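Listed next as C-alpha cells is one chain, alone, in the form predicted on its own.
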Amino acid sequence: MENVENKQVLENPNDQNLDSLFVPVKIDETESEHIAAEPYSYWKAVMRTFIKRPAAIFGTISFTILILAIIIIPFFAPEGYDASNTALIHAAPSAERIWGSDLMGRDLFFICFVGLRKSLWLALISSAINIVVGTLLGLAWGYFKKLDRIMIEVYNLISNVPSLLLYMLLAFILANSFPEMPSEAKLIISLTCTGWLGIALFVRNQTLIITNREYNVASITLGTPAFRIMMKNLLPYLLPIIITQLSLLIPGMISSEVSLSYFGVGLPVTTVSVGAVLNNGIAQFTLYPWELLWPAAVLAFVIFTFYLIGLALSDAMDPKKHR
C-alpha cells in the first residue's frame, strides 16, 4: 500500500510539496577545494621538507652563527680590528690573542671575521650579478632558437679557457688600465665578466624542457608576447632552481677571491679580507703556521655551510619530494 502511495506522489509531483520530499545539501563554495583535496602550497611544502633534513638544520644554524659573528665580534676588538702592534708581530696564540697575530701585528681572531664580512659582501654581489645576467640570457637563449648557434660558439670559446686564468687576466688588465678604480670594483668585474656563462647554459637547458609544454604552446598560439611568456610562464618555474644555484655559487666566488689574492691580482695586501689574510698566511706558513690555519679553517667552515644549505635547498625544492 505504501509503495502505491509513493508511486502516486512521483506520478503527480504537482499535487505534492516537493520541499518535503528533498533535503537540500548546503555547500560552502569557498570550501569546495578542501572537500576535493587538501590545499597545497609549494613554498610551505619546501619549508616542511627543508627542516626535516639534518644537513639543512646544521647549515642554517651555522649560517646564523656566522652572520652574528661577523657583525658582533669586530666591536669587541680592544684596539680596533685593524690596529697594528709592532711588538706583537707574528705573536703565537696566547691568552691575550687567542689566534695569534699576523705579520702586521694585527689580532688574527678579529681580522678573520672582519675579512669574512668583506669577502661575503663581494661574493654576494658577484653571485647576484652572475645569476641575474645568466638567468636573463639563458631564458632568451632557450626561447629564441636563432640564438642557439651564436651562444653555443661563445660558450665553447670561453669555457675552453680555465676560469681562474680568465679572472687573473681580467684583473691584471683592469689594474693597469684603470689604476684609480677601487680594487673591490675591479674584483667584482673580473668575477662577473664570464661567471654568468655557466648559469646561462643551465637556464637554457631548463627552458628548452618546459617551453614546449601545453600551457606555453597555448600562450604562443594566442599571440602572447615572448617577454611575457618568459617572465610569467618560464621564470616562476625556474625560480627554485635559480635560488639553489645562488646558494652554491657564493662559496665558489669566495674561493675565486682567495685564489686571485694568492696570485697577487686580487685585493691589496693591506685590505682586510679572507683572501688577503690567507695570502699573508701562506707566505709565513713554515715559520708561523697559525697565520694560515685559522683563516683556512674559517674559510672551510663558510664554504661547507653554504654547500650544505645549497644541497638541502636543491632537495627540498624538488616537487617529487613533497608528497
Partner chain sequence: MDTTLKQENKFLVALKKVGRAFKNQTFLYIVKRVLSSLFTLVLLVALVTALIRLLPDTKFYDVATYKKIAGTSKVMANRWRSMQLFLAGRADANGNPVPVLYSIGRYILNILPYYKTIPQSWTDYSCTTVLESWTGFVYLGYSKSMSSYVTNVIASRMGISFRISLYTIIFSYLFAVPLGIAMAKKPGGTVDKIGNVFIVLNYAIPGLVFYLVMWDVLGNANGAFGWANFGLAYDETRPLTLVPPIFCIVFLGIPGISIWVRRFMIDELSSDYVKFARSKGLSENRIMYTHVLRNAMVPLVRNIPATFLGAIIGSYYVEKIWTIPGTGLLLVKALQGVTPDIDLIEGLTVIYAAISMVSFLLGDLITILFDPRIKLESN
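Numbering follows the first chain given and starts at 1. A quick note: this is a predicted structure, and the numbers were derived from the prediction, not measured. Only the largest set of C-alpha atoms that superpose within 1.5 Å between the two forms is called the rigid core.
Not pictured, yet referred to below: the form predicted together with its partner chain.
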Interface membership of Ser259, its partner chain in the model of the complex, 4.5 Å heavy atom rule: yes
Ser94, heavy atom within 4.5 angstroms of its partner chain in the model of the complex: no
Interface membership of Leu278, its partner chain in the model of the complex, 4.5 Å heavy atom rule: yes
Distance check, Ile282 to its partner chain in the model of the complex, heavy atom within 4.5 Å: yes
Options 107 to 115, 225 to 233, 120 to 128, 153 to 161; stretch whose heavy atom lies within 4.5 Å of its partner chain in the model of the complex: 153 to 161
Heavy atom within 4.5 Å of its partner chain in the model of the complex - the one residue of Ala218, Ile72, Ile209, Leu165 that qualifies: Leu165
Complete contact of Leu238, Ile242 and Ile254 with its partner chain in the model of the complex (any heavy atom, 4.5 Å): no
Partner contacts for 273 to 304, taking its partner chain in the model of the complex and a 4.5 Å heavy atom cut-off: Leu278, Ile282, Phe285, Thr286, Leu292, Leu293, Ala296, Leu299, Ala300, Ile303, Phe304
Ser177 C-alpha relocation of at least 2 Å between this form and the one not shown, rigid core basis: yes
